[in-house]
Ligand code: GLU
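Single chain ahead, by itself, as structure tokens, in the form predicted alone.
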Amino acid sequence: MAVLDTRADAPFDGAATRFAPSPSGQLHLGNARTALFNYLLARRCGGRFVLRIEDSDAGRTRSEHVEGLLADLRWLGLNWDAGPGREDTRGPYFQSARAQFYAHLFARLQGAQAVYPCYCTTLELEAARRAQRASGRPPRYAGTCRDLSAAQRERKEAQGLKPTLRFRVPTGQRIEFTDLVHGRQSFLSDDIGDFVIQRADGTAAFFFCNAVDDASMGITHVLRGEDHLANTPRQLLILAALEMPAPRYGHISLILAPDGTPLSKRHGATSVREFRERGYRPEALLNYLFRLGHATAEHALLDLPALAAAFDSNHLSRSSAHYDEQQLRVWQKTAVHHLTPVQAREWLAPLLPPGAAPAQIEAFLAAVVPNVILPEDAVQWVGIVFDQPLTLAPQDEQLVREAGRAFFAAAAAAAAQPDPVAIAAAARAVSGRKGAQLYLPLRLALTGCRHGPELGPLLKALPTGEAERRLSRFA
């Protein structure tokens, strides 16, 4: 039995990796993590990171998805060395523009009799699969058109049947390779079945164009989802038939929902665009994805160069990774706490009133940013500080009134300076209150809330005289 051994023991130094999405929807978390891991592997090894758009299936491709995908990758900071907008001699990097290259390779395979036309219809193929399942056999192509004569093919075409092109899988071979995550893998060619490499409309199928593009673009290492593991022997056979180099493959675990089911819309946001629109920070998402199915001793918030230095393909887990938004929120909180004043202002810019004085905006950000995780958490405080009339719940209104007029008259008189210590001292002097009995009525009168940012920074964000006005309402 012949053995096709593709252990590919090439070193990682100078590794060329790629991210090759199909633009049929938004960039979801699983694909974003795949892009990140390939980017980090290339950067750690001083190599190159390639972006290829696999848009050979025109029926599923949308230009808006391409633009959204590019925007999401740029937002994450995953800038590519070659790809759309950064063409080089190995491009083009849109598969829809590579038809001539594929046609040349198809002709080579036809000349070597490594492929053959298949005239089986969809109904015939499905009927054959049902029969195989019924008899307890794994469904694979039965080889119906493998040995048709020239005359038989002519009769098929005279009936108007447009053939696909199937790869003639050699018999009696064992395809072996070492996966970067799952280790040694072995497949029997007799279990695979001849597969389509060119559709009836003349376009290249995934198995084919994905493999030959990697080889022609100099890709040396590929990290992709473990759902592609079964595709690998087919692609290695194609590359061997064309005498093209094969990359080293690593198949990473899938991201599942907390309940163990595939992550979907019913579990909340799943696309990078959705997280971006909600105000999640790119560094938060990157740090979370870095630790999702990848073990590390690093616990701090890391930038991309530090993430690359800490990335190790040996630490990629074979077990499924489970998405947990609470963990993502922990990283988001950390990222928000690391924002500079300029970054904080840019982050909350859509919420900030355009006419507010710069000093007031600066004070507002200093008070509120340490107390929020997402921009939506700051909406309430924008209204409280800038323009929302305060309304108290009945029980809070009663608590404030119980403090007494003298309490608030003294507090209002001391509010000329935004100093919560002076305000509290004045109120305590006339009431004798301490602790929560002292500060809770003040906080309610000033903000309408029992909890929130520290009063000192918040008072500095209020317009001049506003603290005195709010306290005077109850004097």
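Sequential numbering from 1, following the sequence displayed. As the structure is a computational prediction, the values presented were derived from the model and not from experiment.
If you look for the form predicted in complex with this ligand, you will not find it shown, but the lines that follow are about it.
Candidate from Thr220, Asn210, Gln173, Ser313 lying within 4.5 Å of this ligand in the predicted bound form - any heavy atom: For this set of options, the contacting one is Asn210.
Position in contact with this ligand when the complex is considered in the predicted bound form, options Trp80, Tyr280, Phe206, Tyr119, heavy atoms within 4.5 Å: Comparing distances to this ligand in the predicted bound form, the residue within 4.5 Å is Phe206.
Pro21: touches this ligand in the predicted bound form, heavy atom cutoff 4.5 angstroms: Flag for Pro21 set to yes.
His228, heavy atom within 4.5 angstroms of this ligand in the predicted bound form: Yes, His228 sits close enough to this ligand in the predicted bound form that at least one of its heavy atoms falls within 4.5 Å.
Proximity of Arg248 to this ligand in the predicted bound form, heavy atoms at 4.5 Å: It does not: once this ligand is placed as it appears in the predicted bound form, Arg248 has no heavy atom within 4.5 Å of it.
This ligand contact in the predicted bound form: Arg224, any heavy atom under 4.5 Å: Yes.
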